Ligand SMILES: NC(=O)c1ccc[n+]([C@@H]2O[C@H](COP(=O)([O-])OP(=O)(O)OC[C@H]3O[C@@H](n4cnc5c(N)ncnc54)[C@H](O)[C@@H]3O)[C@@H](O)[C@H]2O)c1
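Next comes just one chain, in structure tokens: the form predicted on its own.
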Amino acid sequence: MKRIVLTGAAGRLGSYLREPLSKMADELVSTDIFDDIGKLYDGERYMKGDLASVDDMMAVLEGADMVVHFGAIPDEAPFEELLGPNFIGAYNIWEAAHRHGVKRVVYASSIHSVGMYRKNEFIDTKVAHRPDTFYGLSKCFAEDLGSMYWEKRGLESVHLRILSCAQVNNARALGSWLSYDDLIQLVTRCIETPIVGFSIIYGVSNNDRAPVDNAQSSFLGYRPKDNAEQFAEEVLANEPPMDPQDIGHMCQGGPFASVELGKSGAAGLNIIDDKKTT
């Protein structure tokens, strides 16, 4: 490929994707809303851009073969705050990709698009949306947007319903963990698979306690290698037993399922910011 675009390049997950993506094309165009993202990798170029501006996204996506769209507000917030980057931003990415003849969008969706399902339901990639927050609703919107652009305009997309891609320091993460190495493998498979149409896959490692089923997305070739069970003894020794009456413990969305709409769900996850530095 000549050019890959990565949105959300200044974010924690973006920091782990920049280097491998820079090796998959002649040029990686990384973009975010900040003035710069520091030292760049060989073959990487940075362009500042606002997802809520279609003109910015038209400029960023010019000449791209594929877009890896990880840019957004990554937490629950009032609808008005999410509207620009998460809802309008998704439209701008797909519309700019269509206008430029981009082959595919690889999108960081989320378990929160189906966060109100109970963990013991063991859901697959075909279940109906059940968002747990406005944030989850934005992921539903982008998934439906991707489906429509495939059906009406032939623009491929793969939607990665990431469960939790962060250090394992709570009981929920024993099932939901996606390691950074598996994240890189997942995005790589979504780029390299010859034909994907419109597809959904759960972003989760090979955890013994994973509460989702990726069988219908096996054609992507994603075979996770890491398993959160290695952390189970330490995590469970330091946490009180989970309450089966607590919706935040029982539902796929974890704390996002129990917070009030517009209030942070990530605040209940104790996420450690271990962003990669070049």
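Remember, predicted model here, so these are calculated numbers, not experimental data. Note that residue numbering begins at 1 and tracks the sequence as displayed.
If you look for the form predicted in complex with the named molecule, you will not find it shown, but the lines that follow are about it.
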| query | finding |
| --- | --- |
| Any non-hydrogen atom of residue 266 within 4.5 angstroms of the named molecule in the predicted bound form | no |
| Heavy atom of residue 65 within 4.5 Å of the named molecule in the predicted bound form | no |
| Residue 222, heavy atom within 4.5 angstroms of the named molecule in the predicted bound form | no |
| Contact test in the predicted bound form: residue 163 vs the named molecule, heavy atoms, 4.5 Å | yes |
| Residue (of 108, 191, 77, 96) lying close to the named molecule in the predicted bound form, criterion heavy atoms within 4.5 Å | 108 |
| Heavy atom within 4.5 Å of the named molecule in the predicted bound form - residue from 73, 174, 83, 137 | 73 |
| Location of the named molecule contact in the predicted bound form, chosen stretch of 65-73, 207-215, 22-30, 239-247 [non-hydrogen atom, 4.5 Å] | 65-73 |
| Residues within 4.5 Å of the named molecule in the predicted bound form, restricted to 190-207 and counted by heavy atom | none |
